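There is one chain below, alone, in structure tokens, taken in the form predicted on its own.
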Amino acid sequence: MDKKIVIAHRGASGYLPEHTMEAKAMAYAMKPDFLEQDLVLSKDNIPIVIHDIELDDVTNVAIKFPERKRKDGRFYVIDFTFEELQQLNVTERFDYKTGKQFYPNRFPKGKGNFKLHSLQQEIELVQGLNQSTGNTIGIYPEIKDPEFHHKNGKDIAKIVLEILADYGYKTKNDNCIFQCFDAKELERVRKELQSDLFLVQLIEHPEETKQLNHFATYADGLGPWYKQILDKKENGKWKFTSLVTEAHELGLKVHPYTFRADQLDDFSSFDEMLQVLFFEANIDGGFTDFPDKMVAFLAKY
């Protein structure tokens, strides 16, 4: 954890549909430090690697199972068995209302033959590749919306931790970082479920930056939106918030999300974005849809 790390965000999601095995295999070949897995439980309690609790913005579920939507018009992973989920085709992310692709220059929507897979399948891919290549690439799972799972009678944290332990991920020395946006649940993972994994508290709301002292009582790292680190630009130079400094003073590593070469916002280039955040703001790692570009950038230093 002492070097600056690259986390493949949903795999090589800048090039292939997110969280597919193909996107993970491609990301692996780019030699990041970690591959990320977002996790949602199926009806039969299999952790599925998918970013949202809903299915209808990355799959053809509305065509395949039109009658299975809930009253709100959405289709939920939790309402389908693993076997049913395997029947769906995964595609590039799109707006489920309009059908319009989110990132128009990425892999074309509706093309290819991509499927959903389980956490176990992805771990076996990563561990198998580590054995065959001699690399030591880690996993970076995130449990999605634990509160929703609890309301539906499911304990996603407990199920995922048991699977991780079965595959040898139990302590901070194992190549696994466990993350969650729900602070109450992540604290439960440490204290009630007694996990000794490296835990990262994800944050997205400005008021959460005031809770660092509390986060440091159970977490090892912080995962903020990268814009929470940027303050303002003065005379062409960025000023920063105190977030990274305060986190480091509390012993927390900082891994912001998400660095996208096709979404530069206030930066002139991807390299400038990385230079500013990695070396001027002094972050410890980053999530990126373009792992090859971040790996190449850091290799220069």
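What you see is a predicted model; the values in this text were computed from it and never measured. Just count from 1 along the sequence shown to find any residue number.
We do not show the form predicted in complex with SN-glycerol-3-phosphate (G3P), though everything after this point is about it.
Undergrad: Looking at SN-glycerol-3-phosphate (G3P) in the predicted bound form, do all three of 36, 181 and 258 come within 4.5 Å of it through at least one heavy atom?
TA: Yes, the whole trio is in contact, each within 4.5 Å by some heavy atom.
Undergrad: Considering SN-glycerol-3-phosphate (G3P) in the predicted bound form, find the one stretch among 137-145, 112-120, 95-103, 190-198 with heavy atoms no farther than 4.5 Å from it.
TA: Selected stretch: 137-145.
Undergrad: Within 4.5 Å, heavy atoms only, which of 126, 202, 156, 176 is in contact with SN-glycerol-3-phosphate (G3P) in the predicted bound form?
TA: By the 4.5 Å heavy-atom cutoff, the listed residue in contact is 202.
Undergrad: Is there a non-hydrogen atom of residue 51 within 4.5 angstroms of a non-hydrogen atom of SN-glycerol-3-phosphate (G3P) in the predicted bound form?
TA: Answer yes; at least one heavy atom of residue 51 falls within 4.5 Å of SN-glycerol-3-phosphate (G3P) in the predicted bound form.
Undergrad: Is residue 24 close to SN-glycerol-3-phosphate (G3P) in the predicted bound form, meaning a heavy atom pair under 4.5 Å apart or at it?
TA: Heavy-atom contact with SN-glycerol-3-phosphate (G3P) at 4.5 Å: absent for residue 24.
Undergrad: Does anything in 263-293 come within 4.5 Å of SN-glycerol-3-phosphate (G3P) in the predicted bound form by heavy atoms, and if so which residues, in order?
TA: If the 4.5 Å heavy-atom criterion is applied to SN-glycerol-3-phosphate (G3P) in the predicted bound form, 263-293 yields only 287.
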